[in-house]
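Shown here is one chain on its own, the form predicted on its own, set out as structure tokens.
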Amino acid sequence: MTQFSHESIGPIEIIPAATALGAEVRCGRLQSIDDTIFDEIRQAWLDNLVLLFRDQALSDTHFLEFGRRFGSLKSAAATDSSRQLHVVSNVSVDGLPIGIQGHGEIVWHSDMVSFFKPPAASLLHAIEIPPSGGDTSFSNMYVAYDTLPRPLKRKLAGLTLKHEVSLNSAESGTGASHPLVCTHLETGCNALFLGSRFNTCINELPRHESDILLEFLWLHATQPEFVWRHRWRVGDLVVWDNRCLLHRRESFAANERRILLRTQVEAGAPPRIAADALERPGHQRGLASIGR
């Protein structure tokens, strides 16, 4: 646990989870933090990949203002680039859904990977939560990369993954290709960048070889020791680094209400791999975080 003292609102505590990633941040009301405290929050986000803030009561405006502290906001709407706030919900009013994603399972993925510049960060704020189900899990792609054998790392360094747009996707994309291994623009560490299991293929390999390698990488990247599972409470706000994580959502009962607010932060550049990637040091939540 790291503690910092600030006279304006009291101490800020950063409490890392006893898993491969994640930390809870205690800093009072997010709409009241100053720039000094936010600098500590941003560094904690880069260090821990996912941050949890409990007991927040943010208006739509305050939620978006907090998101903008991480960078310019990115719309996930295919037809309205100015729409920065989205509702993730299974609730309907007068027969019409108020949000997206319903109540079913959402499988492992990174957000908007078929775009040329996928978001750097995603934020969710819990307004209504069902009594059970709907948990969100995150998997650490730094440690997924670090635990690969070096010959495979060398092979992956020369490969790119084509992310096609699914016909039934809620998002519109460009069908972009990204490196299978990406060097994080801010931490300088390497992470697997798998994006989505479906509608993808490795450009440089025949399809059958691509399928075999991707199946291995997905099984490797989502093993339990790399994962942190979050059980939502009303008032939770979670922000995660989309550049070095996969995430998934469990299903929940269709007759239970679940409402969260969502926004995303623009990336400064498209995913890339550094020329010296094989010589880069691992992230601090890499091998050491799983006791290797």
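Counting begins at 1, following the sequence as shown. Quick caveat: nothing in here was measured; it's all calculated off a predicted structure.
Heads up, the form predicted together with a small molecule isn't pictured, but that's what we're talking about next.
Contact with the small molecule, judged by heavy atoms within 4.5 Å in the model of the complex, is confined among 214-222, 147-155, 108-116, 201-209 to 108-116. Screening 182, 176, 88, 73 for any heavy atom within 4.5 Å of the small molecule in the model of the complex leaves a single hit, 88.
In summary, among the residues 196, 187, 84, 136, the only one with a non-hydrogen atom within 4.5 Å of the small molecule in the model of the complex is 136. For the three marked residues, 124, 249 and 258, a heavy atom of each sits within 4.5 Å of the small molecule in the model of the complex.
The closest heavy atom approach of residue 101 to the small molecule in the model of the complex falls within 4.5 Å. Although the partner is absent here, residue 243 sits far enough away that none of its heavy atoms falls within 4.5 Å of the small molecule in the model of the complex. Contact check for residue 66: every heavy atom lies farther than 4.5 Å from the small molecule in the model of the complex. The shortest heavy atom separation between residue 226 and the small molecule in the model of the complex exceeds 4.5 Å.
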